[in-house]
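Single chain ahead, written as structure tokens, the form predicted alone.
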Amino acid sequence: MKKILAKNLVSIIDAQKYVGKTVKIGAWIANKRSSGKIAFLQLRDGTAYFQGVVVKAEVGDDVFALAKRLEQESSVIAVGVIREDTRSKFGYELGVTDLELVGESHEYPITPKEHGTDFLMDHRHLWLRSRKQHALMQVRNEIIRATYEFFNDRGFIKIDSPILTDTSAEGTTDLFETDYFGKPAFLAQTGQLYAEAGAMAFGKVFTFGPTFRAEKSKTRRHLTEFWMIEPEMAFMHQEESLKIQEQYVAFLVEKVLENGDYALDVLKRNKELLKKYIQLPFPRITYDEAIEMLKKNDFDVTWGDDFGSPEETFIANSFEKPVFILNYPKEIKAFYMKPHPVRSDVVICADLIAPEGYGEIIGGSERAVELDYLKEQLQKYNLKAEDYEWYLDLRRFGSVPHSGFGLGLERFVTWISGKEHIREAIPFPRTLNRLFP
């Protein structure tokens, strides 16, 4: 069999551009079935899946014999004519005229049969090749792409905050500690404080990077390593920030609907439901109102409690769109949040709760700007002022009103994809009991 040169390859996702033309595609065999003198190859190339039809009378004995013996995940270069296929959701298929084996695969461990979660997670490096995992990563990629578009088009500068820090940003002990040349250092739990420094230099910035929480949580909403998008905006109060937050969320949903149609179909996501989430504004309630709502519906809550999954789910299900909960008690929020102008017990902040039981997807606040107040807060939270001198400098030298928020990428992907567990929203999840592969 002659060797097919691996150049001028086209992608499956672009099949509609080549109807009636002969093309070459580099692909893997996702599945296969044969019927007499016809073999049907399910081909994937990282952009999409479609069918390659191999007819013995059209390709000869050697090519047909190869097609018959190919096992799952063998890699090939397939040559053939693109044609429309109205029977498939994708709409196109390849009439194969030639086939070359690139890399053989034998006894691939993930077969079409049912597998347990632990097995699939142990083989995460291979599970990523499957249809739904492929679609999830496409949704994730579109959210990342759209994030850059949204902020770049609105004059934001991206800055990169450090992953290694010498302090906690939010006064928590849930930190991963490591040795840094003889002194303790921690994996960052947020880029926010550094984003504030960036905002004082550039006006509007956003950070986007990995963050780490050493919480011993096993819920479907938690990872120990996850990615955060954290915008920070100088000369901005909370009201303006809330508008940007809802515009950002609606923009991301809209772009996934525009550019991720194929992936959403694979995931069987209700697109009509997603369309509701691009309708602005989002509803708002105060923390006080949320407490009263929960009490009236027999939840055992008292003022000052933080909300868990059952409470957030109930509140979210009371609305058809994401809902902001405003002005939480000061005692359960971070030290840097601006105190309410007429109440000493709450701060100017908001969490955005996603519908369908997906919980908090954004947390944000206006930041405190009074130097003396922040010093008092550091003392109250038992944080060493000397560790935060650089942060206090932001209030000493030209302090201005500023606000910001953080969106958790994996929670957002989980919600938009309609998946049950956050572990599938990141290529290689890190959880309480998983550090492999």
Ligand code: 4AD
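Source: prediction; values computed, not measured. Counting begins at 1, following the sequence as shown.
Just so you know, the form predicted together with this ligand exists too; it's not on screen, but the next bit is about it.
- Using a 4.5 Å cutoff between non-hydrogen atoms, Gly408 counts as a contact of this ligand in the predicted complex.
- In the predicted complex, Arg367 approaches this ligand with a heavy atom inside 4.5 Å.
- Although the partner is absent from this view, Phe226 contacts this ligand in the predicted complex, with a non-hydrogen atom inside 4.5 angstroms.
- Contact annotation for Glu254: none of its heavy atoms lies within 4.5 Å of this ligand in the predicted complex.
- A heavy atom within 4.5 Å of this ligand in the predicted complex is found for exactly one of Leu264, Leu175, Met200, Ile362: Ile362.
- With the partner omitted here, the residue from Lys321, Arg221, Arg131, Lys295 that has a non-hydrogen atom within 4.5 angstroms of this ligand in the predicted complex is Arg221.
- Annotated contacts: Glu230, Gly404 and Ile422 all touch this ligand in the predicted complex [non-hydrogen atom within 4.5 angstroms].
- Contact with this ligand, judged by heavy atoms within 4.5 Å in the predicted complex, is confined among 154 to 162, 180 to 188, 123 to 131, 213 to 221 to 213 to 221.
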